[in-house]
Ligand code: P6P
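As a starting point, one isolated chain is supplied in structure tokens, in the form predicted alone.
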Amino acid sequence: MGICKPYFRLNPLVCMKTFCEYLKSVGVDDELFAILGSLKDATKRIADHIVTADRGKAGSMNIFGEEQLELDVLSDKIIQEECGENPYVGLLASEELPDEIKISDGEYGVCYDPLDGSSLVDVNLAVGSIFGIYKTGSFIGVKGTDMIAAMASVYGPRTTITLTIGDGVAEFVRCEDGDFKLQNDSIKVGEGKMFAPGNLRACAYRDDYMKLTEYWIREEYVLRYSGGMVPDVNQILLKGKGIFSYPGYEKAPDGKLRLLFECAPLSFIMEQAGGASTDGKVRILEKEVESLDQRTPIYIGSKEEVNRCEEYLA
């Protein structure tokens, strides 16, 4: 087994527990173990292709009218291939597909954003994949509270996986031998002055969001915003503090982020780390999925910061 080098400050014996060894140690059943293994393998393949694949446009649009990049299409294909070989996955829904698709008689459904923030690839910023796992025959009608597990993969200077199976949050880092090793098995989010303000154009239409942004600046919060939801939420998890915001406004009342593919899985992870997530009025995990394209405003991070967003934006 190779030595995991990315984090020298940690006990190497902790870092040497592999992704699969961790799942076994926490008692994950065989079916979920296999599904998470498929998503881990998809993450490895996507990470390898990001380094070398064509970063240009695919010349096609997804069902939501957004121009696809070659990497969007390739990442989606990889996840479909990995899940298609898993007998426990019966249903898939992707941000790149028009409808959910039945692929087998398996009892589990995997919803995913194959490459969140893909427009950042050409300028070499971090991007990610988001996965939510349900035991369901359709994603229509589910709530985030029905989720069994959620996973976010980050493709940056390191490739990492952040995972919850409903009992805390763990992070894994890809090491020299290509496997993912445990980095931290107890990620916690507390309080602290860091903000990632999405959709700042809404300040031109919403005085309340302008006042909230002014509060963050006046109180000397540290600005950490890349334009990618996965890396920006991931930094809150790893720094243990902060807030990511993406409100709606006049031209897009529900914002642009999708409940099923982005907001619900990341909210599950955040809550399991001790943070919170809301649309300004309702807890994200309590929102029922009415359509695959359903969008929602989101404020996610430290509990006090999420409460502050609700107070300012009520």
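Numbers for residues come from their place in the sequence shown, where the first is 1. As the structure is a prediction and not an experimental result, all values here were calculated from the model.
The form predicted in complex with the ligand exists for this protein as well; it is not shown, and the discussion that follows is about that form.
- The partner is absent here, but in the predicted complex a heavy atom of R258, alone among H49, K40, R258, K287, sits within 4.5 Å of the ligand.
- Contact with the ligand in the predicted complex, judged by any heavy atom within 4.5 Å, is made by just one of I161, V169, M229, C111: M229.
- Stretch-level contact analysis of 133-141, 206-214, 79-87, 221-229 against the ligand in the predicted complex, using heavy atoms and a 4.5 Å limit, identifies 221-229.
- When the ligand is considered in the predicted complex, K193 lies well away from it, no heavy atom lying within 4.5 Å.
- Contact between F180 and the ligand in the predicted complex is not found at the 4.5 Å heavy atom cutoff.
- Among residues of the shown chain, G117 is one whose heavy atoms approach the ligand to within 4.5 Å in the predicted complex.
- Although the partner is absent here, D279 lies well away from the ligand in the predicted complex, with no heavy atom inside 4.5 Å.
- Residues of 82-104 that come within 4.5 Å of the ligand in the predicted complex, judged by any heavy atom, do not exist; none qualify.
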